[in-house]
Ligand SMILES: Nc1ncnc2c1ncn2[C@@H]1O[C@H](COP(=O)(O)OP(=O)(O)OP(=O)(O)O)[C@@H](O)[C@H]1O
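Just the one chain here, the form predicted alone, laid out as structure tokens.
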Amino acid sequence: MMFFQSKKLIGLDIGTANIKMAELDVSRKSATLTAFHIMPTPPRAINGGEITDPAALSDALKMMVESSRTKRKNVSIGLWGTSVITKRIAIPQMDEKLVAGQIKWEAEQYIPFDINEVNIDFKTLREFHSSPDTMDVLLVAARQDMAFLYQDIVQSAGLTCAVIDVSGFAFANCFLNNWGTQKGQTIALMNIGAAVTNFVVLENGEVIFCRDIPVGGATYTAEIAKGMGISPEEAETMKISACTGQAAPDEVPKVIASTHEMVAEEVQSSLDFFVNTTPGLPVQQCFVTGGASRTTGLVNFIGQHSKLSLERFDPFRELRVNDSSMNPGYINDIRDFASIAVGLGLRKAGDT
């Protein structure tokens, strides 16, 4: 398990439905959540990880920073969706020092963007080898235009972008902080958000697969709107009512139940891809979280469909919480929304 001594960061998770800010005090032996803030993302400001209304997002973040009264200025932010690609690739065995020089040429055949318009990073997978003659590398390519746009939005709120991470990696970081490396285990993580489901697989505590599946809470909203001929706003209200035991038209639970299959199929497709490209490493356990994981019946349906053993992911399992600023009721309310922001807040300035 790894903890960092560092300048204090704000873990900032900007999602399609909500913006989350986590502040943690981190020492070598423990981590304490000192503050957590959440507010709705301005409507249609983000689409699949693409920022479509930077001005609205900037104004919202500025308001959030002011109302939080945070003294912190450095931010760790996560990229997700279409702005980032992660892929495990096999390259010929070579000295570790030579990998950085080789990786750009290797990346060109895997990245669907102009290689000069992305930032390339990589991590050599020491615990994982697909063959004796090759070494496995987790390749990360982030679009520069999106990274710069996120930085501009953060700066306009009076903050500094100290770390740019991948949301799936931050999710894994939160898991490792709470469960440790789980030696000998292949663990899957699912964060079912509004627009995407972050799907991550760890082997011996090392991320070996990371993908954003384009399904989430918004899938249900769109299906209700389409099925009932109503606006997305009305559909969202009805969905929430149906999932919280309030009055809703009979058709809404039926659409929700039929949409489970669509979501589960997408999850199964990514799971199958992982299994087919990683023979001999069956997933032993799967942890699930995210705001949309609260959709009535969804987690059970995914478990039955995938034959996976699903367990609720608790980002506060080993994390101390400042009781004076956050009561148990509030902690319970934010539990399914906090994993990525917490994982980002555990980073240190200069992390890659």
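Start at 1 with the first residue shown and count on from there. Note that the coordinates shown come from a computational prediction; the quantities given were computed from them, not determined experimentally.
FYI, the form predicted together with the named molecule isn't displayed, but the following is about it.
Contact with the named molecule in the predicted bound form, judged as any non-hydrogen atom within 4.5 angstroms, is confined among 180-188, 267-275, 110-118, 235-243 to 235-243. When the named molecule is considered in the predicted bound form, only one residue from 255, 263, 195, 164 comes within 4.5 Å through any heavy atom, namely 195. At least one heavy atom of residue 17 is located within 4.5 Å of the named molecule in the predicted bound form.
In the predicted bound form, none of the heavy atoms of residue 138 sits within 4.5 Å of a heavy atom of the named molecule. None of the heavy atoms of residue 320 is located within 4.5 Å of the named molecule in the predicted bound form.
Taking non-hydrogen atoms only, residue 315 never approaches the named molecule to within 4.5 angstroms in the predicted bound form. If you take 67-93 and check each residue for a heavy atom within 4.5 Å of the named molecule in the predicted bound form, you get just 80.
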